[in-house]
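The data below hold one chain only, encoded as structure tokens and taken in the form predicted alone.
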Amino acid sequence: MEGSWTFLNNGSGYDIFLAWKSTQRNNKKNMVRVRFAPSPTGHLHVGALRTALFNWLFARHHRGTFVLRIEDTDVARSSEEMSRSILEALNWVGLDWDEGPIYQSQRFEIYRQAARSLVDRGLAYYCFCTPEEIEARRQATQARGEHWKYDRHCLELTDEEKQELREKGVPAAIRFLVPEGVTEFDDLVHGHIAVDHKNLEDFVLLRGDGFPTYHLSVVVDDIDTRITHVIRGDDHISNTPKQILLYRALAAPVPQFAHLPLILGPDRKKLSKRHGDTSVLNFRDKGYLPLAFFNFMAQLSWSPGNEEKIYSVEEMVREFSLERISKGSPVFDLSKLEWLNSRLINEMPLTELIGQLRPWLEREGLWSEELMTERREWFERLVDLTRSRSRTLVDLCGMIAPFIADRFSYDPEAVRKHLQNGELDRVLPLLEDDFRKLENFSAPEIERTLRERAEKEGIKAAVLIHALRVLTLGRAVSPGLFDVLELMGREKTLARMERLSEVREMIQT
């Protein structure tokens, strides 16, 4: 990989920046390089997707580079399945990457060498304290009413004492030696932030088992991939001073930071599984369109200007800026996503919508090639009619199913509400005869015939309309019934009108 560190064992330590400095000179001046670094311990969460989206928009706006890194150092909890799921989610939304994916699990020795180089330069030290020893000292300190932070117990160990501990098999971690002073940085969202080092303890870089901590691996990788801007959730603000110290200790430029406000659920608490679906792929599987989801996620904390508009990806890339990110935490409002998705379903070109719909119809066994050949005109009219009542592709597929399949589900509540009127047993057969006699089975003629029969029999037309809607489609809500019946055709309409008793019995059992 271009820019990877070359480690030269010269007997006195590792010159870990030789290759990096060489490639740095060849970089284009002020080239934006950002990264998205998910952990494959679960499916991609919507909060992580928003982070990826903002990094991607920032990179594309500045014609920069978007790097994908998989932070799988937690070997016990990470899995290849989750890594594939993350890539699948990014691909569904349309977020492509320019470099990577870079897997941290393949870079452990690089992190170890980086930590040891800091020890060699007196910027870190070996720590032999066991968790039990640290906990005992912590409790003793707190019992005295004092604030605890690691007490540098191992900082002054002699070489002989360290060797003796190693010979006893005591594992050694590596801790960063936090200097005195204050770390300050200008966050591109939150403004100026300053942290006194008195509030920082000597944090662990390398655990006793040889595995790196988050702080070490993230900084080493950011340096290695020449990241210029770190855009992430504001739960990482507390990590930033430690990482800035590491960038400086490793003689590397410090990137600019932009911390995004966390997404909240409707109860104004941090979004989590208790609020419902939080996995990106769940929204795909529920029939949301990628562009609708892209617009919805992009407008959580950032406004492109007109919240009533559905923006193309190109428009959002052109308009995006970190300066327009709000500091306030946005609320994950599912009704807004449903509204966007419904609008997009109704506004997108018909051929494009059919392309999005086809996999759903195939999955349900409803697709046939004739729908785009000899029945194309009819099918396009059907999709155009039914999309007006559909919030998702799942809704649209369900709305279309009764026009294609002979068997479909009936909404029990709709059956109980609209098919129990005893007058239907008398009037529906008469209406069937009326429909058979129609020379032209068109929406205007169907409506005229139904209303005339209702008036003649002393029954409200709405009773017949609702009953026919449930019998032909299985539901109480649909586009205009008369257009529905025209597209359904005379044969299917009559066959389903004859199901009245069968449908009633089906629901009762």
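Note that residue numbering begins at 1 and tracks the sequence as displayed. Note that the coordinates shown come from a computational prediction; the quantities given were computed from them, not determined experimentally.
As for the form predicted in complex with the RNA, it is not shown, yet the points below apply to it.
- Put simply, of 286, 166, 207, 137 only one has a heavy atom within 4.5 Å of the RNA in the model of the complex, and it is 207.
- Shown without its partner, this chain lists 335, 351, 158, 373 as candidates; in the model of the complex, only 335 has a non-hydrogen atom within 4.5 angstroms of the RNA.
- Annotation: in the model of the complex, residues 45, 225 and 282 none come within 4.5 Å of the RNA through any heavy atom.
- Contact with the RNA in the model of the complex, judged as any non-hydrogen atom within 4.5 angstroms, is confined among 110 to 118, 359 to 367, 419 to 427, 297 to 305 to 297 to 305.
- Although the partner is absent here, residue 311 lies well away from the RNA in the model of the complex, with no heavy atom inside 4.5 Å.
- In the model of the complex, at least one heavy atom of residue 199 sits within 4.5 Å of a heavy atom of the RNA.
- When contacts are judged by a 4.5 Å heavy atom cut-off, residue 320 does not count as touching the RNA in the model of the complex.
- Within this chain, residue 194 lines the site of the RNA in the model of the complex, having a heavy atom no more than 4.5 Å away.
- Along 310 to 337, a non-hydrogen atom within 4.5 Å of the RNA in the model of the complex is carried by 324, 326, 327, 328, 329, 330, 331, 333, 335, 336, in order along the sequence.
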